[in-house]
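The chain that follows stands alone, in the form predicted alone, written as structure tokens.
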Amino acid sequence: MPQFNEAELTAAVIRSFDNTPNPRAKFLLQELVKSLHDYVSKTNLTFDEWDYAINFLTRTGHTCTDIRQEFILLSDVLGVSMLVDAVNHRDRDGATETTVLGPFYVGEHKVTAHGTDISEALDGERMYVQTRVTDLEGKPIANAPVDVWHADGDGYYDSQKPEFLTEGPVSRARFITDADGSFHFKTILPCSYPVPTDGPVGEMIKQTNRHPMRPAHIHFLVAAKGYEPLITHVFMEGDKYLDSDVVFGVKDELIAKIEKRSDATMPDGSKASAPWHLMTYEFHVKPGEGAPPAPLGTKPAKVSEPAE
């Protein structure tokens, strides 16, 4: 008979999952037990500390609704989201680096004409985005749908606001690449902003003297037929939070140089009423199959504080 003491307890719990029918589930559960028990032993976890942890997770769960996912935010700020992304994209073979989807992808966006100002209704410095999608050999990929979305100048995504349901998307669109694999659009220059700090995760960030900021970025999802979906951000060069992104999403390759221009016209011939910015970037995708991920939930995100 096993003795359920410190010396034998872990092995007994691991054996309790021996008859799990699904081999992968068995492996995941047994490895989880090993890691959790090892953490308790290494840290000499106290009753008060464990009670605090249980309470924290309970409050995190209570904060979640069908329009807000605090556990995803917790995963993000602990670096787990980026680690899961990294282990699932180890072999890039020259393809553009990936990063997390984030909670504000709402599914298929409306197909929009090249050159459209997707943030026309917003105040901010104007930016012209010129991009291209190719395969690993540099061959252009035509007719590839690319979803684009980013926050406004206050750090909010459109889906966080009540008017999203009545007025439609802002700073969000789908473009289809042309014969050269290119697409271009206008928008405002994104800014850095904080993730939500009004819940348990924000409490943890404050108590550990971490800042809640994300560097300025635009989300891109490339879903070319016959190629692996590419989910990534493009970050703005020079942002002061590039080295300390609260969700650890920055990679050197994903930082774009932003040129400030004073030309009277933009590259597509449209008139510029004030100095503007130019962002250029080229995406490289690798052969494969797979559908883009489904959006989290079916309703817009909660209006609270600026979010990821």
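Residues carry their position along the shown sequence, with the first being 1. These figures come from a predicted structure and were not determined experimentally.
One more form of this protein exists, namely the form predicted together with another copy of the chain; it is left out here, but the text below deals with it.
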All of 113, 138 and 140 within 4.5 Å of another copy of the chain in the model of the complex, heavy atom check | no
Answer range among 220-228, 105-113, 78-86, 143-151 for contact with another copy of the chain, defined in the model of the complex as heavy atoms within 4.5 Å | 78-86
Looking in the model of the complex, any heavy atom of residue 256 within 4.5 Å of another copy of the chain?
-> no
Is there a non-hydrogen atom of residue 248 within 4.5 angstroms of a non-hydrogen atom of another copy of the chain in the model of the complex?
-> yes
Can any non-hydrogen atom of residue 269 be found within 4.5 angstroms of another copy of the chain in the model of the complex?
-> no
Close approach of residue 263 to another copy of the chain in the model of the complex, 4.5 Å, heavy atom = no
Any residue of 17-43 that, in the model of the complex, places a heavy atom within 4.5 Å of another copy of the chain | 17, 19, 20, 21, 24, 27, 28, 29, 31, 32, 33, 35, 36, 37, 39, 40, 41, 42, 43
